[in-house]
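Let's start with one chain on its own, the form predicted alone, as structure tokens.
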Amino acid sequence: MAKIKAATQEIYMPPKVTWKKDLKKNGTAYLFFAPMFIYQVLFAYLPMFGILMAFENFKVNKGYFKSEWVGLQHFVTLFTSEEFPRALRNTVVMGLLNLTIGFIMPVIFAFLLSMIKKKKTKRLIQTCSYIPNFVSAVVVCSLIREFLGHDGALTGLLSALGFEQQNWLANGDIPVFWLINTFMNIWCAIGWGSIMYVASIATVSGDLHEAAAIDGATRFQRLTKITLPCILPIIVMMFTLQVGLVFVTGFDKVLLLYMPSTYSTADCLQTYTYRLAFSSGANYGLSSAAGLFQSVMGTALLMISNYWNRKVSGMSLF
């Protein structure tokens, strides 16, 4: 029996593959992967060495190794500054709005697209919804300024509904800028963000829908009882990734739209970090500490979200 078992193990023992054989077999795939790998190393991993600035009184003329080491002093200064709590609050609120309203809208949009039977109409709507994603942030913000300015089209519509005639972008009241930022991001990303869900819905077996329809299930019931459970793993994966991006609130658009009158509700951690690094009297060490704080919090939220999803739904990203 021992000989038979040993012979069986030898039969099913996978052959050892050396790196030379693997390179010869998958060389084309590695060749296509090489540019992205080089890009990631040059622009994602090598710059991580700059984390040292968060613990130094960094001076450009002295470099990393000769600048004064200050330890956690920049973090103490960051957390005790008057502007940090405000920037943190705005970042969290705008991030949560993007995580709830902004995350749900592409899912709903994908469900609505799946209910359209005419392919030409469906493709036209999809194409139109993708366009805003490719529009420059400068152009998007220019349009927002035109529509929400004192004499803008949306301002006129809101005035007709009973709201005060005003420049909405200059309104520093809560939650005006938060809502503007949220709906602007939805308009830009709803089509592009629905691609994964549309593709997942397309893979759901039509036999399941036909059987449910024969049993008398309505379209809404088939949507909630068949389509939604089938694409739930994709939704969980995208949600987990989105949680890790809570602290990324659309820095470019906020920077282009906010003004001194809206600092109280618009200033976020990224714009705060930007001002620390590039305003007069730039403090590179303090700005690096702020950036490192955002990265650590984003990573922690990603890990917590992944653990929570695994416990609750049994599905996780990793």
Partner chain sequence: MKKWKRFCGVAASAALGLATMAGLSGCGGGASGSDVTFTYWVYNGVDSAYYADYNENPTVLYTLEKGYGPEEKQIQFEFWVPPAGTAADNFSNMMGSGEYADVIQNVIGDNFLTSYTDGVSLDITEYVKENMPNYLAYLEAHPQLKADAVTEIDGEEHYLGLVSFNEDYAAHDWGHMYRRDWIVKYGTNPQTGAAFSGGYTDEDDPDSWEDDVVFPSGGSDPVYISDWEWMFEIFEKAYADLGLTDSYCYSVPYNGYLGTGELTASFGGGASGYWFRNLDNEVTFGPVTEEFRTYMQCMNTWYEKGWLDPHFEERVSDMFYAIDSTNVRLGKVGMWYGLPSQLGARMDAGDELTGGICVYGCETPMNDMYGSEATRFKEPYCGFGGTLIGNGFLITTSAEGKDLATLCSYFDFFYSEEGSRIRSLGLDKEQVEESGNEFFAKWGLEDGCYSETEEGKYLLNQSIRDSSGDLLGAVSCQVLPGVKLVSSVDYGYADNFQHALDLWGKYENIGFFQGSSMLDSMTEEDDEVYSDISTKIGEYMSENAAKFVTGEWGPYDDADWATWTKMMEKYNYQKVNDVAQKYADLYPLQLD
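Just so it is clear, the structure is predicted and the values come from calculations on it, not from any experiment. Rigid core (definition): largest C-alpha set, two forms, superposition within 1.5 Å. Residue numbers count along the first chain shown, from 1.
One more form of this protein, predicted in complex with the partner chain, exists but is not displayed; see below.
Undergrad: Just one of 164-172, 105-113, 212-220, 226-234 has heavy atoms within 4.5 Å of the partner chain in the predicted bound form; which?
TA: This holds for exactly one stretch, 164-172.
Undergrad: Examine residue 44 and determine whether its closest non-hydrogen atom to the partner chain in the predicted bound form is within 4.5 angstroms.
TA: Contact with the partner chain, no.
Undergrad: Would residue 150 show up as a contact with the partner chain in the predicted bound form if we use heavy atoms at 4.5 Å?
TA: Yes.
Undergrad: Decide whether residue 69 counts as a contact residue for the partner chain in the predicted bound form under a heavy atom distance cut-off of 4.5 Å.
TA: It does not: once the partner chain is placed as it appears in the predicted bound form, residue 69 has no heavy atom within 4.5 Å of it.
Undergrad: Within a 4.5 Å heavy atom cut-off, is residue 49 in contact with the partner chain in the predicted bound form?
TA: It does not: once the partner chain is placed as it appears in the predicted bound form, residue 49 has no heavy atom within 4.5 Å of it.
Undergrad: Under the 4.5 Å heavy atom criterion, name the residues of 27-43 that approach the partner chain in the predicted bound form, in sequence order.
TA: In sequence order, 28, 31, 32, 35, 38, 42, 43 come within 4.5 Å of the partner.
Undergrad: Establish whether a shift of 2 Å or more occurs at the C-alpha of residue 27 between this form and the one not shown, with the two forms superposed on the rigid core.
TA: Comparing forms between this form and the one not shown, the residue 27 CA shifts at least 2 Å.
Undergrad: Once the core is aligned, does residue 38 move its Cα by at least 2 Å between this form and the one not shown?
TA: Where the cores coincide, residue 38 still shows a C-alpha shift between this form and the one not shown that is 2 Å or more.
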